[in-house]
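First, one chain by itself in structure tokens, the form predicted alone.
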Amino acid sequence: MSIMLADLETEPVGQQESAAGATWYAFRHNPMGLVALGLMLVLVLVGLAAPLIVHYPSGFTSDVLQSPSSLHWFGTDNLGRDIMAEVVWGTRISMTVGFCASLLAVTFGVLIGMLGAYFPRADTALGMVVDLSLSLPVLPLMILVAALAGPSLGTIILVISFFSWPEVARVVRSQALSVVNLPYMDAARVLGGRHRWILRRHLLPAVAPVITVTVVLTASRAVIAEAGLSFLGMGDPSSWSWGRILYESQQSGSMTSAWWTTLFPSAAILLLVVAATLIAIAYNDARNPRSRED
């Protein structure tokens, strides 16, 4: 029986590795996907190398509300701080929030989605929890929780992840339901495979492509949510993010008179969202065998 279990384990894995190789090959030959991936990598590198690019924006200078020039490429704000420095350092915080919040949301959502699809008795209760969570007014509740917990980076990450996992769970459950009744899953159960082993070795790899897309999209939505909360004054006042730049511009009254104070952080948010969306589209096309044949 151990030999049969080993054969059962390696066959789906080998097929999945072959499919993954074909998907990566198709993705590499999609210019749209490569450009979007390059833009995403640039944003990640900017966030990681922020201390090497510009100094941390703090204090104030006499160059108040200067328009973009050779001295200040993105202009300055109402206190004379360089907006390029704010955007660069804001990239680090915004990407950190997006990554951490999406990691927590995807981890919990994948767990709930897989358990609901694999255990029919638990599916009804878990489905009710997911549906109830999706029906809640997310933005008002996020504002309420962030206000009660106090503005901090950790609070923002936990709040965003808490309200992001239900959508992940629904997508993963939908994909897992098409896998749990396949012959190799039934064979694994008949041969005495433990539930944990089946979930980890068979069901999780089967939904992995959906998880890949979900991570990218959830991270971009988390960045938008963080920007919205920070713009409303619920962000961490001790660190720069794209949302805080917009908040500072709105509070100082320069949002309408100094266009550069809102243009560049808004462009950074737009760039991230567009890049994440194009990566997801290109990845889905690469996974489609018909698209690879075309």
Partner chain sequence: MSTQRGAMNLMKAQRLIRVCVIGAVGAVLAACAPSAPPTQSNAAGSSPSDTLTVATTTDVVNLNPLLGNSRTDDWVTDLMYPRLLTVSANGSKEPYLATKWGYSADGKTGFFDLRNDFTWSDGQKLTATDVAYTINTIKTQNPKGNVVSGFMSNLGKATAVSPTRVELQLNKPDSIVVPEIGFWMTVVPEHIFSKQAKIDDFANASDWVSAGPYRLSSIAKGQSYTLDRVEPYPMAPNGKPTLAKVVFKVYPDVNTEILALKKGDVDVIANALPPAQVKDLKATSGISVAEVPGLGFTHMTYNMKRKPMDNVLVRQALAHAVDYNSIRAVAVQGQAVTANNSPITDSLKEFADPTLKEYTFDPQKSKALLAQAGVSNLKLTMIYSLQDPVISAWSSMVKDSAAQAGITIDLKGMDRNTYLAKTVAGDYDIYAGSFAIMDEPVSNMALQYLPDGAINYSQVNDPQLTSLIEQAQSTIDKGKQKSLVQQAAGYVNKNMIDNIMYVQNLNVAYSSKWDGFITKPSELLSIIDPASLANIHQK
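Just so it is clear, the structure is predicted and the values come from calculations on it, not from any experiment. Positions refer to the first chain, counted from 1.
Not on display, but discussed next: the form predicted in complex with its partner chain.
Q: Decide if the three candidate residues 174, 209 and 212 all line its partner chain in the predicted complex, where lining means a heavy atom within 4.5 Å.
A: Not a single residue of the candidate spot has a heavy atom within 4.5 Å of its partner chain in the predicted complex.
Q: My question is simply whether residue 81 lines the interface with its partner chain in the predicted complex - judged by any non-hydrogen atom within 4.5 Å.
A: Residue-level check for residue 81: yes, a contact with its partner chain.
Q: Please check if residue 38 has a heavy atom lying within 4.5 Å of any heavy atom of its partner chain in the predicted complex.
A: Contact with its partner chain, no.
Q: Considering only heavy atoms, tell me if residue 239 and its partner chain come within 4.5 Å of each other in the predicted complex.
A: Although its partner chain is absent here, residue 239 would stay clear of it in the predicted complex, with no heavy atoms inside 4.5 Å.
Q: Just to confirm, residue 27 within 4.5 Å of its partner chain in the predicted complex by heavy atoms?
A: No.
Q: Determine which one of 106-114, 144-152, 86-94, 184-192 lies within 4.5 Å of its partner chain in the predicted complex, judging by heavy atom distances; exactly one does.
A: Looking at the other structure, the answer is 144-152.
Q: Can you name the residues of 213-233 that have a non-hydrogen atom within 4.5 angstroms of its partner chain in the predicted complex?
A: Stretch hits, in order: 231, 233.
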